[in-house]
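There is one chain below, alone, in structure tokens, taken in the form predicted alone.
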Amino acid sequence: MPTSIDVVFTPDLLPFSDLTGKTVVVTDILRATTTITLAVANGATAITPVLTPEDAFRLAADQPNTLIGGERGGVKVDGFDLGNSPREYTQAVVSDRQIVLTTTNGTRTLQACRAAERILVGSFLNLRATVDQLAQVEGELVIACSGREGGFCTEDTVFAGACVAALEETQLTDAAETAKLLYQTHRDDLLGMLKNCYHGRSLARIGLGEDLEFCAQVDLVDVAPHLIDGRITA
């Protein structure tokens, strides 16, 4: 069991957190970590998060059997194979393929956590699998929320609170206590929370409302993806 749990609400706050030697869970419910989780569960061999579309094109050019995925402003980048909707990452599409991924929020947060000793990828789709891994952590745990364009978002903090609630015998920071309270408010209607949060409303406006229903599913898959040496695998 972790000795303590902290929650960092946005990636802009990560420079103020010393992640050295710690386990970090990165979450971006809408939608990067949900998409990554499903892609790994559906057989993607590795996912490499990068910061920019230019980085994605350059890296994929040197790797055979590689798909490029991601978004800007919620919409698939021109020239990419896939966007950032988890519904696109089916077994038929991603099995035995490598993926290079860049998103507005999630891949930025993954890059910002490189100093951590261990980095996991968490979403509601793999909540139980994530918690099972976290229960084995010895030392300090940080849950890093990707937020939205540097700001706070409800959905990532609710997920953080779900993890905290499952490990509540651990010493909690004020941020972790706050995340737990927010989860307790929304745990009986995660889909309603996603539909009403700012990012969820934005996705619905551009025709991606079905992604909200997908991202609200709990324990759909039993995988706990890890970021090791720049690549996410099972």
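All residue numbers refer to positions in the sequence shown, first residue = 1. Nothing here was measured: the structure is a model prediction, and the numbers come from that model.
Keep in mind that the form predicted together with another copy of the chain is not shown, yet the notes after this line are about it.
- Contact annotation: L141 falls outside 4.5 Å of another copy of the chain in the predicted complex, judged by heavy atom distances.
- Residue contact with another copy of the chain in the predicted complex: N65 places no heavy atom within 4.5 Å of it.
- Remark: G150 counts among the residues lining another copy of the chain in the predicted complex, judged by a heavy atom distance of 4.5 Å or less.
- Although the partner is absent here, L220 sits far enough away that none of its heavy atoms falls within 4.5 Å of another copy of the chain in the predicted complex.
- Checking E54, E168, D174, D189 against another copy of the chain in the predicted complex, a heavy atom within 4.5 Å turns up for just one residue: D174.
- For the options T45, T178, N42, S202, the one in contact with another copy of the chain in the predicted complex, meaning a heavy atom within 4.5 Å, is T178.
- Contact with another copy of the chain in the predicted complex, defined as any heavy atom within 4.5 Å, is confined among 152 to 160, 69 to 77, 116 to 124, 91 to 99 to 152 to 160.
- Contact residues in stretch 179 to 193 (any heavy atom within 4.5 Å of another copy of the chain, taken in the predicted complex) are L181, L182, T185.
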